[in-house]
Each structure stands twice: as structure tokens, then as C-alpha cells.
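Shown here is one chain on its own, the form predicted alone, set out as C-alpha cells.
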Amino acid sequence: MVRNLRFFPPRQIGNRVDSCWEENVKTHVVIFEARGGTDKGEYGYRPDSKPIIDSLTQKGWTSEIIFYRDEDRGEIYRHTCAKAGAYISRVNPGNLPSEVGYFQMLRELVKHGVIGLPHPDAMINYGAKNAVEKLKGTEIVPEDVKCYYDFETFKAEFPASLANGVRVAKQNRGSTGEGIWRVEVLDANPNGVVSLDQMVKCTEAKDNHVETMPLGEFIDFCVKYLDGEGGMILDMPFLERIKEGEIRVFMLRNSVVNIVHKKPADAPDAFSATLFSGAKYTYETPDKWPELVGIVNRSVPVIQRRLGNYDLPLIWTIDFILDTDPETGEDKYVLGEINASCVGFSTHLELSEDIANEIVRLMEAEAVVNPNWMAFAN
């Protein structure tokens, strides 16, 4: 069950702090959440966190949910380091005013022997929109993608991208389609040059609403996506076959365990694959998608290497959109984004058993092989 949180300072032995990897604490897991947000159930925590606790309990392990706040960071750190062999991060992006303090604490926990599920820098590298750019030229990402990190570059280069066709501009932050825009030039110039005063049709994935404005006005509007830490905009071609649905691959470490086929609402401008926008979800087993599973299995080592060579996240997703190979006419699967910060599985709570098994396997292996968990895989 979810415990009432009590804090215990680390036990001192001489001049050192007692190791987090002693036998009496290594079978305890802390699940971090943040209060508030639309991802919570009736008791205030995520509905897919409690099943993990139940599955670990059945294996004789202990676990608890701790709600992170910057004000409590020191106490939470000391408590976790003293009791836990691992943490699971279940904090949805946007549920904290800033993730800086949270990630600093997670790095310190990993540094002092607590297994990070996942490591905070893996969350950043996998979840950032430039993960797509880092994978361009691979089997799952074409060359025609780029990221902008400052306003002047975006203003100078985005019009040229639009000259090649309809584009999708994605902000790095946000969720459920917020700040993801399909941008199409209306009445393009015959010479192929797109100017800032030309009208563009902009459709946001959040709710498929449409706005028409001069391109320069849209670019000015997007400046907010470039401000602050992690500000960036991913620019990639719009794929018409999104109408057939986005395919989300649910990963448990390096294994495909579930696939969700998310089909946008049947409306003229709809391209969003979020439930909020009216998309319909179909849940399928991996054996229904053998070609895609093969692509994922081949791609995981490349993804891991190009995104920092961190240990794979415990739970993560890879989203694909169908395209057509112009040379062969065959289907292609193009990466849309990766999610690794707080992937939900509330529609398949039975997966908690597999998740608990993987946690136990990981922690037991680390206890035998290397008591000082490394941030990077060899």
C-alpha cells in the first residue's frame, strides 16, 4: 500500500554514509510523483503507480510513493538514499514549475548508488524533440528534419523548409499535442520562394483547431517555444498518412510489450492522435505488427548509442507515422517522437507484473555485478 512518508537520515559509520546498497535496504523502491495534474486518480496519485507497488509486494519487496517538491528536496534525498535501492520517476513533464531541482536530486541519488529508472539525463535525451534530429539518416528518420534553438535561425530557415511542402513544427515542452503545429503555405509563389508576409494555415494538434495568419506572425508567436532552458523547435515534413494513425510502441527496457494504434478523428483538418482531440485508440499485441517490431529491435541499439549511451529507460515509448517509400512503394515507419519521462499504462495495468519482474531482475543483477551503478552502459 502507499505509506505515510517518514524521513530517516543516512546512518553514519565513521566518516562515511552507510551505503544505499546494503542488504537491508536494496529491496525497497521509491516511486516519485508530483501532486496535481490530469494524470492523477481519485486518491491523488497516478492510477498506474499503485499496481507497481502491489506487484513488488507480491515478490516480497517494499515500495512507496513520494510526492516531490523543491522545498522537501533535502529530506526526500536523505530518505531515499537511506532506504531505497532504486527509484522510478513518474513525474509528468509540466507538473513541476521547474524540473531543475528534481533532476539535480536524481543525479545525486544515482551518484550515491540508487538505481535510476530512468537516469535523469536519459529522460532529457530521449524525451527532447531533438532526439528525432539526432537519429536522422537512420532507418527510422529521414534526412529532412532539423531543430532550431534560437529565434533568428528559425526566422531565417523555416520559410525555406515550407517551400519544400507542408511542415510540422513541434515545441520541446508541452504535452497532448500542445505546441505541435501543421503549417501549410496558402497561394505559394510561382518561384518557390516563401516570404514572411505570405498567409499560412496552422493547425494545432492539441485540438485540431485552425488559425490563418501571415508566416511572420506565426514565427513571432513561436518565440515562446524557444525561450528558457530546453527551448527548441523540431521541424519535420508533414506525413499525409498520419490519417491512418500514429503507432505507439510501448517498451519495457529493450522489449516491445504493447502497441497502440491511434487514429485521428475523421475530420478535414484533424491530424492529432491524442484522446483529447477525438482520436480512437486500438490496443494490439506485438505479433500483429511483426515488421514494425523487427524495425524497433534493429533500431534500439542505434537509439541508445545516439542518445547518449545511457542505460535504457524502464518504461518508454516510440511513436511512428506511416509513410511510403518513393522508390519501392512499400510502407515506411517514420519516428515522430520518443517519450521516457512518465509513460502511462493505465489501460493495461496487468503490465505491472512485467515491470516488477524487470525491476527485480535489474536490481539483483546490479547488486551482484556492480554495487556502484554507472550512468552509462558499457
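Source: prediction; values computed, not measured. All residue numbers are counted from 1 along the displayed sequence.
In what follows, reference is made to the form predicted in complex with a small molecule, a form of this protein that is not presented.
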Touches the small molecule in the model of the complex: Pro97 (any heavy atom, 4.5 Å): no
Phe158 within 4.5 Å of the small molecule in the model of the complex, heavy atoms: no
Distance check, Ser299 to the small molecule in the model of the complex, heavy atom within 4.5 Å: no
Exercise: Pro286 in contact with the small molecule in the model of the complex, heavy atom 4.5 Å: no
Heavy atom contact within 4.5 Å of the small molecule in the model of the complex, the stretch among 71 to 79, 250 to 258, 165 to 173, 108 to 116: 165 to 173
In the model of the complex, the residue from Phe238, Phe151, Tyr102, Phe218 that sits within 4.5 Å of the small molecule by heavy atoms: Phe238
One residue of Glu337, Glu353, Glu64, Asp311 in contact with the small molecule, assessed in the model of the complex (non-hydrogen atom, 4.5 angstroms): Glu337
